[in-house]
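The structure tokens that follow cover one protein chain in two forms, given apart as structure 1 and structure 2.
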Structure 1
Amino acid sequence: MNEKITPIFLILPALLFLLTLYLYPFILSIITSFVDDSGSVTFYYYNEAFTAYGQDIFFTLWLCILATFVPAVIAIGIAAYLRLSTVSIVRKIISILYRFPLFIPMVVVAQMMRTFLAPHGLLNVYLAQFGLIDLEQPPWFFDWKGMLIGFTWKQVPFMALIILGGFSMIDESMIEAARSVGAGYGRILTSILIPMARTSIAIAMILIFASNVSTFTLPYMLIGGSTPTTITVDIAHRVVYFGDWGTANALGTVSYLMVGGFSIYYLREMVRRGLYER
């Protein structure tokens, strides 16, 4: 009897912590998005959210999808090279360099991007040196383009680590067999690595998509109050300037729905892996 009760007491503090700080606010935010000040059920907040911020909702969705697929392509290339390359020195250098952004907070990344992507910042000055742009009329990166660059630089290392883990689980004999019949890097990548590590790739993309949707500092510091912007900036604006928690919670619920289906897949896969490892 004690053996059954003891594990429950061991996980109880962590469970209470999760219920209090995560699950309770999550459920409360959804409920309050459907309830007005008088306690009546209403869809007013959702009507306000889609009327005032419909463009931003669409912008958030397609930007986060784009900022998931672009880093995924780069991360797959890095992970494949680290898995297949036999040049140890180059592998060590790449391993050190590509992990560097992992240790930089998003707020620091946002400030770096503001300096790097400014109209007369380092990127435009560098492009002007090669005559690619006119520095008197520099291109504007404080929009979706700057967001994409910032997300890609920050998210590639995390995705590459997960994907590399999936690639490393593939039996070396399969790769050697492919090499013995003349398969190159590209053929091995498309025919062996990606198909056999598709679950790891999918999980990495899900985690990055959810992270992109929830990011506030990068869009706030790059785009600010301009239109279109992301849902997170709209939520902060609605709370700080209007004290409108109802519309803010409605926007939050929309973001939950964006990542909801992917999260279900992620949880099911984690449960399946846990049962398989047992």
Structure 2
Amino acid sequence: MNEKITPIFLILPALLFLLTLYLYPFILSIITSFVDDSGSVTFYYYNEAFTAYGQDIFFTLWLCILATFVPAVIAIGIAAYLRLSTVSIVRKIISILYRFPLFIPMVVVAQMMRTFLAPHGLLNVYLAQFGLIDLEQPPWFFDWKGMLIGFTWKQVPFMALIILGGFSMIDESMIEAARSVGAGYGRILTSILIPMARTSIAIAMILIFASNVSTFTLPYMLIGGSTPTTITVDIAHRVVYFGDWGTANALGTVSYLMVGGFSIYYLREMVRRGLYER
């Protein structure tokens, strides 16, 4: 077989699978959102989506931004500590502990948070032990607060791993040089680590933002149908209860647009790396 035909032949099955199972439904979701039952172009579904779910679209957007920045700050802190600290028992404990949530599926995280954050759940019991809350009126976490806690719990380790990868590529001599002129942890972090690992930090944040926007389990089990809820829950409602594909796909397309610019940056960055490595 010849060198030109063989690779195409080898890739074809995977390509066909991906085109039918991913790209076709992906394009279908965009097209369906613009076409009505009679087959003509319409913006009706977008009008519907923004009138009925405008509040949820807005809620999803700011919740996902918040649930990207909060874990990012914690992850940068952990990664910086692991990069700069010397070998010790404390370091060992932290480096093992922080990874734990990485391997836990979102549906299990959702169940954990659902029991832990419930009005009569363990968190409120603990808080009450320290006299921090009134047991007669336990705080309600099944809204953005619970979502933020759940997302942060799950997403920090993944972000820290990627950011630590970026930090590890920074030459030790630079950090040594900064130390020798008297720079403290904070200074090294803001003037060397963060600027030099900005691509890694950007990629970690983009992936987590996209993952938050598309997470269905956590909001579905934590907030469900109460308002405001996330786009993913609305999409499920439109499809499962009303068979309303138009509005569901309009909401889906809105979620593509939310991550759109960032995702294209990520894809280009990965393609660039993928092509020139080796």
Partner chain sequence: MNVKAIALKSIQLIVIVILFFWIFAPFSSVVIWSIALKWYWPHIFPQEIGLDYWLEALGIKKGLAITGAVSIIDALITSVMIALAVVAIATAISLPASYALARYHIPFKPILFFLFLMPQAFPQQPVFVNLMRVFYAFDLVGTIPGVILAHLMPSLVFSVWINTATFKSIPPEMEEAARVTGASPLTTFFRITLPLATPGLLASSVFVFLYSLDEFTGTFFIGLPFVITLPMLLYSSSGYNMQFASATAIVLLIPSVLFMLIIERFLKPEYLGGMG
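Just so it is clear, the model here is predicted, and its values are computed rather than measured. Throughout, rigid core stands for the largest set of C-alpha atoms superposing within 1.5 Å between the two forms. Structure 1's sequence is the ruler for residue numbers, which start at 1.
The form predicted alone appears here as structure 1; structure 2 is the other form of the chain. Core-superposed comparison between structure 1 and structure 2: the Cα of Pro13 travels 2 Å or more.
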